[in-house]
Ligand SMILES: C[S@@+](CC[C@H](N)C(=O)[O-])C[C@H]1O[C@@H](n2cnc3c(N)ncnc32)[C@H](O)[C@@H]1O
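Just the one chain here, laid out as structure tokens, in the form predicted alone.
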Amino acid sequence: MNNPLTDLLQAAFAARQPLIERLHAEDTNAYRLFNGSTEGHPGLTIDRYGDLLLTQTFHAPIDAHDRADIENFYAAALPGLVAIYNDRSRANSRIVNPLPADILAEAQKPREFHELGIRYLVQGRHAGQDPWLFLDMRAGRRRILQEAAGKSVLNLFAYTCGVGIAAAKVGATHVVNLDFAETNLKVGKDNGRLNDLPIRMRFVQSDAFAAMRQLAGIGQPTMVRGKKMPAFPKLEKHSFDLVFLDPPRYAKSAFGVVDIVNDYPALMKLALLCTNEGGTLVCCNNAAQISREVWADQLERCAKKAGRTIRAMEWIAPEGDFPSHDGQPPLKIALLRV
């Protein structure tokens, strides 16, 4: 008798064969193998990162039988992968399931994989909760490889700096990766060292609001309403040919609130002010409940209010390993000529 989960895995794998062949030809060995929300098992994702097979659950854990079915299927379909399971179904999406000591050691081992000819590191388990490279953003990194040559690039909320590394690899003149977390930037530096980059990138550990206000020339006060602000690095005014804005869903600090559902314009306005006239601003929004049309209207109105014109807007869709039911994937990437 056929196993329902195995049938779903088989259908997803068969649907991806043309894409996987193309990706392998492009020196890419990282992709989503199963996207449960659109392929029959909501809350289950299975990703390949080089020789790592990473299974994650977000709604409810899977049992030992399902884990065995997953591992056995991919052992036959893609032999030689190390299987790691992370259950993130509890609040805050933290990984909660223990692993046997030998498997945990494998999970905590840094591994190298490649995407579009660029080398990156991944660990199945680390101090954070998300994988070190988001695979649905491959489409964005691919576009940066086409856009960044000869340009100065600001990579905001850089995480592990995949966008900045792609820009540097293809010949950007100047790349600044900005993120609040030192641990993220450390992985980004390690990723940079894996690649033969023609320039030295800059890494800035800072709250994004404080950094953007300074780069835009507005300035960041050290005292606000009588309260001393946390320490932040001092930056000179500087605008860029290409700015990449990929904020988290929600984050709050003394400098401002990141809220991509209710107040994306607070971020976009500052990012616009860091973008040269005639330059390019790439905006990303991963909130599923915001439609592309509503968000596009927000971007248009924000630009107009900031005194800038969006001369052209282009949508960059995630690639075929992230299928959507209705052509409205959760990750929205808008490339704006401003």
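As the structure is a computational prediction, the values presented were derived from the model and not from experiment. From 1 onward, residues are counted along the sequence shown.
Quick note: we don't show the form predicted together with this ligand, though the next part is all about it.
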Looking at this ligand in the model of the complex, is some heavy atom of each of Met137, Tyr159 and Ala208 within 4.5 Å of it?
-> yes
Sole residue of Met229, Ala181, Val96, Ala105 within 4.5 Å of this ligand in the model of the complex, by heavy atom = Ala181
Assert contact residue (this ligand, in the model of the complex, non-hydrogen atom within 4.5 Å, options Gly219, Gly128, Pro265, Pro248) equals Pro248
Val258 near this ligand in the model of the complex, any heavy atom under 4.5 Å?
-> yes
Val243, heavy atom within 4.5 angstroms of this ligand in the model of the complex | no
Can Val163 be called a contact residue for this ligand in the model of the complex at 4.5 Å between heavy atoms?
-> yes
For this ligand in the model of the complex, the stretch among 70-78, 234-242, 150-158, 187-195 with residues bearing a heavy atom within 4.5 Å is 150-158
